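Only one chain is included here, represented as structure tokens and corresponding to the form predicted on its own.
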Amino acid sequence: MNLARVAQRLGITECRLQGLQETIIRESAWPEPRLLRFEKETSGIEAGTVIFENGEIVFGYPKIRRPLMLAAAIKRHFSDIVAVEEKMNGHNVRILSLNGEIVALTRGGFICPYSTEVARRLIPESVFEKHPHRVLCGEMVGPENPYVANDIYPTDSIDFYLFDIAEKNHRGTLGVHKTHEFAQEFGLLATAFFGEFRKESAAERIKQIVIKLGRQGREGVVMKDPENIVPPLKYTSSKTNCSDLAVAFRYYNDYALDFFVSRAVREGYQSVEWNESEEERRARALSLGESILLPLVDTIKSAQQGENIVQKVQIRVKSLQTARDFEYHLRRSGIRTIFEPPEPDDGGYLIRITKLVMSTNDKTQALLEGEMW
């Protein structure tokens, strides 16, 4: 690997790159190809940035910031036009071709065996034959998503939705319109595009879109500058906030405190900005309270009855080796699982997975036995 060239592409000195290799850059030798990945953001380089053995770089997908007061943030952030797309509820992947093989990177910069098999099934080879340096940024969603299982999308398995296109060795993306044109050219699914609005009227239009999405159980929107002049912003529905809290309180000792607080705070700001009536606010409070209390009570009662607190998901694979590799991938990510015997299914295999939520299990049992909080 030519360190000088890699450092130049990263925008840092070779000496700085060597120093980072001793601190936050980690080597991943499995699955092939070998790579180096940034565990944390540093020097303007996003976490999840990957350097392959051949010196090619795939920059991490940047975190998208979130406004709490929608209208004020739009006025402050955007110059004129706001393009609005759906924010989908799944897991973020970057798909690329390396040495003629399609691979899928997680947000953290690991090659995910399961996501890679899905990508090889869903992405036509012609995409990378014509554009070998492109990186497809998107969301994998569906009920057979082992990270975020969700049955609100039109698939009984898992699909990939494109929301951005990047280039190897370069920061930034191609923008809203080129992304959707690219998806149409190659027959790829893309996140829904709701239109472009002048920033003076965008907040009210986005509010109505988010309300409608919330009624459908969907997550929210991403707001982008059509010319990529400023970074995108995201904004979610109350339904999503409550759904997130319901999951988090079911596994309450496995989530960081900020996860709980941030979603409750979002509800307060949204209620104020939308100038809700007393009746509407009480309905919101009821939904918020139920999302906190009911799953927590279920967890406590399950532990009280001697049941383990678990999360059940499933995947569908063509190769049993993919399932074995995915089991190892979850283990190296610190996720303890039980993979049930494979069930032959339509030329492939259905794999049912039980994810063990150990911290919540242990904490709940200890509290039931009289331990102090």
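Position 1 is the first residue in the sequence shown; the rest follow in order. On a predicted model such as this, the values are computed, not experimentally measured, just so you know.
One more form of this protein should be noted, the form predicted in complex with a small molecule, which is absent from this view; the next part is about it.
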property	result
Region of this chain that lies against the small molecule in the model of the complex, out of 120 to 128, 220 to 228, 279 to 287, 195 to 203 [heavy atom, 4.5 Å]	220 to 228
Contact test in the model of the complex: Phe52 vs the small molecule, heavy atoms, 4.5 Å	no
Residue contact check: Ile64 to the small molecule in the model of the complex, 4.5 Å heavy atom	yes
Non-hydrogen atom contact Phe163 with the small molecule in the model of the complex at 4.5 angstroms	yes
Distance check, Lys234 to the small molecule in the model of the complex, heavy atom within 4.5 Å	yes
Selected contact from Thr173, Gln270, Asn169, Asn92, since only one has a non-hydrogen atom within 4.5 angstroms of the small molecule in the model of the complex	Asn92
Contact residue in the model of the complex, from Thr191, Ser243, Thr299, Thr116 (heavy atom within 4.5 Å of the small molecule)	Thr191
